[in-house]
Every structure is written in structure tokens, then in C-alpha cells.
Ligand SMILES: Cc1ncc(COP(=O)(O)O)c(C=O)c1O
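There is one chain below, alone, in C-alpha cells, taken in the form predicted on its own.
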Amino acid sequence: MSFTKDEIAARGHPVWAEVDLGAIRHNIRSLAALAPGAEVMGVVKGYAYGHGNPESARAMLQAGATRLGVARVAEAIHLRESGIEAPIHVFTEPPPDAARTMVALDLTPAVYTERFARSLSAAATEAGTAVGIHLKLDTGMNRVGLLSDDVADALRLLRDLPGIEIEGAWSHLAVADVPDHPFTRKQLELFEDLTGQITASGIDLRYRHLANSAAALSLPAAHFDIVRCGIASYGLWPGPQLRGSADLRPALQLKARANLVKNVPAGAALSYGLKYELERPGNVITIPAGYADGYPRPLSGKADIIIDGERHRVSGTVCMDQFMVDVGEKRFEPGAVVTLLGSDGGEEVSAEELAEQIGTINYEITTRIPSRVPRIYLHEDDG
């Protein structure tokens, strides 16, 4: 859902996300400058890592990205129905029945099984067209893709299938977020070897792509023809060792309005399990956001929120729709804006900070923010 601030208030939404599209444009330009010989693919799967589509996708294209990447056909349908005409890559083979939809919407499929290749060929032939596919190679992550020993057989099959044109080949790096990891070098060498074999067989590969955000930031040898930029496009770091490696700006903030402020006596306890007990009388703010809004329950008693430029610790258990904060003698009024993720004054609670507190990654912090949390899109100057 996308709303203006006035609509947020009128509809009574107590929690919302603010997405700075200017920051996304800035990040795309910064990433493009690191790979001057490559196109930039803006990866917008997972509802643009929680930042929302199609607005995030449009911002990327405005900044110079030439194509988009998604995980599922449904995500591509959403973008096409929103009027986006740029090439859209679908990273995972869908069920064969979706082949007709992919052809009709001019999507760029990843192909790595005979079953899907035949379905795609039949759909393209029926439509009287040809589909440019990108052959997915498994260079060691062992998730999806063709194993090395299967590439030659796959090429023979694909040559004989009508309506199929091999436009590109690609793979995915498993540990590129750890700079200079020896396994990344092995993957890079295998990718070069396999794409060399494909070219030697007489297929003119227009596109080779291997670099994710981490490799775009730290491994120029992996840039090839396209860099696929996901997490970094949103101003978040692919791994701790890459922090500060480029000029990136976080694009998303999660905010809420306090809906109740009350004085709680010493000895009273808060929330489910009564795990937080006040040692002295204190003012307690109830914040109408919880794990149903993507604010993880394991942040209970660990995370800080920011209000009026000051940090305060989450007190007691995070509930589905609410949590509480003991602010001591501080006084705040109902309706005060609370920052759960983002910055206020000189303080910042980053996605990386929240992720570290619960043993996960920043990707999960933003992507778990569900659609019931409306997005406000800010069109700030890119700077």
C-alpha cells in the first residue's frame, strides 16, 4: 500500500514505512559508477526487499538501471501491470504452466531444466515468437542451475528447441559478502570456464552476469556485462566487512505513533510473561507495532527505539500488534512519533543493528515488513 502522510492520518494507520526514492536513485548511480562497463539490474524481488513496488523499480530505472530482477512470475506481473516496460528477469523457473504468461509479458526466463525449457519452447512457438533465455549455471552454491557436467547436454537440447534463443548465462555467488574468500575465486574461474565453453560451441552470449551487490562493491573481475544489485540498491550493506565501501544511503524508515502513555508503579511488570519489572515508578509508552508489522519478537528487551532524538529500550515482550517502552521520568504525549528503524536527530537504529541483535541479516529486517504497513514514498533530492 502506498499513501501520503495525510492519508495515513485519515485512515488511522498507527505504523508506516517511509521510503526515500531519492536515496534509491543515488545508490543506483553509486553502484553503476563502480561497474562502468556493465549494465545495472535493479533487483526488486521480495516487494523490493520490503521497500515496495513498483515505486522502487521506477526509481532504479530513472537512475540508469536498464533491467529488473524478480524471483517469481507474480512479481513480474505486478510490474508489467504497473506500466513498466523494461526487461524483467525471473531468477527461478516457475511451474511449466506459467510459460505462456512469461512469453506473453516478454519476461526473461532463467532456464536450467529440460521440463521448463520444453514448456517455454512450446509457448513461444504457439505465440509465433522467440524467447531470449539466460542459462543458469551452478558454480557451487548448489541451489538451482546446471551442473558443469550437464552444460553440454543442455546446449544440445536447447539448440534443437524452436522459439528458444540463448541470450545470456549467469550464476550466483555464495560468499561474496566475505571479501577475498577463496571459494568466490573458484566460482569466478568456473563461471569463466563454462561461459567459455558455451561461446566455443558457437553460441554468441550477449550477456554474462555473476555479480550480486557484494561483488559489485568489491570484485570488479565479476562485473562482466550486468551487475545485479539488490540489497545495496536500498542503502544496506551485503555484509559487515563491506560497510562503508561505497556511498550508499539507507532508503527506509519504520515509524509509529504512540497510542498510550501511562505512569506505572514500581514493582509492576509489562507485557506477556511479565519479564520486565519496573524498579521505580515510570512512564510507559505503548507503541502500536509488533511482529505482525515486521518488528521481530526476538527484539524484546534488546532493541532501542528513538523518540525526540533519544534512544529508549524496548521493555518486555513484543506482541503481535504492540510493544511497550519504559521511558522513566521522561514525558511524552500520545501521538508522539517513534522511530523503530531509521534516524531521528543524531541517533540512528539501522537494519544492521537490529539484525545483529537477533542473529539474522539486514535483508530479513526490511523484507519482513508486510503489506499491512503502508509505504509513504518521499521524492527527496538525490544530492
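Counting begins at 1, following the sequence as shown. Note that this is a predicted model, so its numbers are computed, not measured.
Another form exists, predicted together with this ligand; not displayed. Remarks below refer to it.
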Open item on the list: Give me the residue from 137, 133, 99, 229 that has a heavy atom within 4.5 Å of this ligand in the model of the complex.
Closed with: 229
TODO: Name the single residue among 115, 156, 280, 143 that comes within 4.5 Å of this ligand in the model of the complex, judging by heavy atoms.
DONE: 143
Task: Segment assignment from 348 to 356, 58 to 66, 322 to 330, 43 to 51: heavy atom within 4.5 Å of this ligand in the model of the complex - done: 43 to 51
Open item on the list: So, residue 257 and this ligand: in the model of the complex, are they within 4.5 Å at any heavy atom pair?
Closed with: no
TODO: Would you please decide whether residue 91 lies within 4.5 angstroms of this ligand in the model of the complex, comparing each non-hydrogen atom pair?
DONE: yes
Open item on the list: Taking any heavy atom pair closer than or equal to 4.5 Å as contact, tell me whether residue 172 reaches this ligand in the model of the complex.
Closed with: yes
Open item on the list: With the partner left out here, check for me: in the model of the complex, does some heavy atom of residue 213 sit within 4.5 Å of this ligand?
Closed with: yes
